[in-house]
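What follows is a single chain, given as structure tokens, in the form predicted on its own.
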Amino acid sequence: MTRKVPSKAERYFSTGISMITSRGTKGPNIMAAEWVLQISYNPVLIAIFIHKGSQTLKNIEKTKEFGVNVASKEQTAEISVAGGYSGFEIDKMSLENIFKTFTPQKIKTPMITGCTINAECNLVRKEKLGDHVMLVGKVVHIKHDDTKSPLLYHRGRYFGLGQMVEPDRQEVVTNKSTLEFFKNLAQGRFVLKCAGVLVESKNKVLVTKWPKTKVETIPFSIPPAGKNQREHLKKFIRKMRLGIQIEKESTMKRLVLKNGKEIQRVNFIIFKGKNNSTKNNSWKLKQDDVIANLA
């Protein structure tokens, strides 16, 4: 079978690598696969994409089961052998110095030790897509090893996980009361998602004081998940009896509020607004910590 050589651009995709185990008339087999991903939580479904004509495909079509063994960074040898030879060329699983297996819980296909994840799957769907065949397996047993780090693949080379990359956010050092205010609103959520309206006049911003606190902010609401941000904000503005007209254009402000070692991540969808009334409104200089970063 002739396979197209990937172009330079195609090699810039970064993936994890898994070892797909199967069994057939010639015994157990193993192959390396980049294109492996979970596609459902309930039930847990895993899709794998393999070449038509492979021994693994024939085995899975016959037995209706397979194992997904997500490689750890210590398993470059296993991956190189699993991906460098076909089941027609050699009985890869018989290489005792390369592959170590354990007995599965729910299927009959052997699983590989030393992986970050081992998932036993029953085949529920098969579909040809492009030059590959998609096989979807329903997970019937799964386990993980949190002492293992996954193996990554990029431009023909292996990599491990590096330092965690913090999402790009504007850091705002603020006072303790302001931070506590936003943390209380977040109620333990990793990111507090807000929709606010910014009304400016010269070097001042229209603000409102929150009940039972001394905190002054631009008017904002916390829309429930799935709700239209602008429409929820408009209802909040009407309820607060603020004479503000909200425009359609918006910007995103991603902040991490910090006081000492305490932090709270906040996303603001900011809409421009026009003030149609002075009632219930006050103005504040833009130099204030959080407000300055929203303006």
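Please read these numbers as outputs of a predicted model, since none were measured by experiment. For every residue, the number given is its place in the sequence shown, counted from 1.
Just so it is clear, the following notes concern the form predicted in complex with a small molecule, a form of the same protein that is not shown.
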Name the stretch, out of 223-231, 34-42, 64-72, 256-264, where some heavy atom lies within 4.5 Å of the small molecule in the predicted bound form.
-> 34-42
Checked G160, P104, G83, G114 for heavy atoms within 4.5 Å of the small molecule in the predicted bound form; positive is G83
Which residue, I218, V172, M93, I79, has a heavy atom that falls within 4.5 Å of the small molecule in the predicted bound form?
-> I79
Heavy atom to heavy atom, is G87 within 4.5 Å of the small molecule in the predicted bound form?
-> yes
Could you confirm whether I50 comes within 4.5 Å of the small molecule in the predicted bound form, counting heavy atoms only?
-> yes
Hey, in the predicted bound form, does K126 get a heavy atom within 4.5 angstroms of the small molecule?
-> no
Contact test in the predicted bound form: Y153 vs the small molecule, heavy atoms, 4.5 Å = yes
All of I17, S54 and H132 with a heavy atom within 4.5 Å of the small molecule in the predicted bound form = yes
